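Below you will find one chain, with nothing else, as structure tokens; this is the form predicted alone, and questions on how it binds or moves follow later.
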């Protein structure tokens, strides 16, 4: 069955497009229950987009939750197998506070997870699918990519205490160079180490410009190895045609208790915050008793409500007014004729308040009278 794009909302179009995209690359659909044990989410609150969780007690006395996340369930219900990579995608309703409304909402979330013997190809493939997911939503999109291994190596060289480290990470995410310099001075960080971090924070742009600059910053073995991995993945992304949406941005940070390696965030024009977020989360796997590596992302479809419905400024192409005395057969034939011609038609006895339409018609005994035209 063909589905006309004009009758779909932005989030519905996105779901159809991404579902087809992921299947093309061998990802199978994951389905889960609406409910999960509350303890699973409480133990991993920092991993969640929102730590507000709707909970209830079931008939067995267990404390349950309406799922605010899908990734945790996939990890919990999976198992490790040597050399095997589990590739799954999902489009599931999750229940949490929406960024747009700041109230609890049932939100359709789309995403994918690649779990198991993760290598650089797996990382490339997931980032490529993230870029193509953004493109399926808008041609004007950007995928910002960072490597936590490089960030961690630079901060490790400062030999600061954990609270200072966390404060620096927060400043990196905010690109707050002034506060970074202040923290370094207060904690007797060397001038060279401070300037190295400030240079990293200010590094932003397309890969061809940025990667050569990073070589001067990644002088130790740990950061150099991470840079080599980043360069290999970025080169593959450029070769696959994703270079135009790719940007290197070390302000993309995530909780290092859960994430490691490459992390990324996606944006589309018209929405002020990121609508896609992902990265490697080997540390979360370890915390949940798994030995495998993992990388994945989620697309927050509730954010698409802020995206203008380009090309569909009208609720209907034509509104046809009729009365109870009009011939139903004539009304039915007129509606059918217009819908067969590809129009969206709404038959009404009165025009609904705030309805947007191209033309307003009235059915009468002699045929159809044009009352108003807005196109």
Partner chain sequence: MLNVALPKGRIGEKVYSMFEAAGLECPSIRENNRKLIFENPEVGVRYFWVKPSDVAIYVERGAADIGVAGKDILLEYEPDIYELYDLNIGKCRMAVAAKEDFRDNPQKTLKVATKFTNIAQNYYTSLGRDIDIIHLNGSIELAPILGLSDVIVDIVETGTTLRENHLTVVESIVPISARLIANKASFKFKNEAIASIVKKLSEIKEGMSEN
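Residue numbers count along the first chain shown, from 1. Since the model is a prediction, treat every value here as computed from it, not as a measurement.
If you look for the form predicted in complex with its partner chain, you will not find it shown, but the lines that follow are about it.
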Using heavy atoms and a 4.5 Å limit, would one call residue 204 a contact residue for its partner chain in the predicted bound form?
-> yes
Does residue 251 make contact with its partner chain in the predicted bound form, using a 4.5 Å heavy atom cut-off?
-> yes
Hey, in the predicted bound form, does residue 140 get a heavy atom within 4.5 angstroms of its partner chain?
-> yes
Given that the partner is absent here, does residue 271 sit within 4.5 Å of its partner chain in the predicted bound form, heavy atoms only?
-> yes
With the partner removed from view, which of 231 to 239, 192 to 200, 173 to 181, 113 to 121 is the stretch that lies within 4.5 Å of its partner chain in the predicted bound form, judged by heavy atom distances?
-> 173 to 181
Let me know the one among 300, 267, 297, 259 whose heavy atoms come within 4.5 Å of its partner chain in the predicted bound form, would you?
-> 267
Quick one: from 91, 144, 125, 132, grab the residue that has a heavy atom within 4.5 Å of its partner chain in the predicted bound form.
-> 144
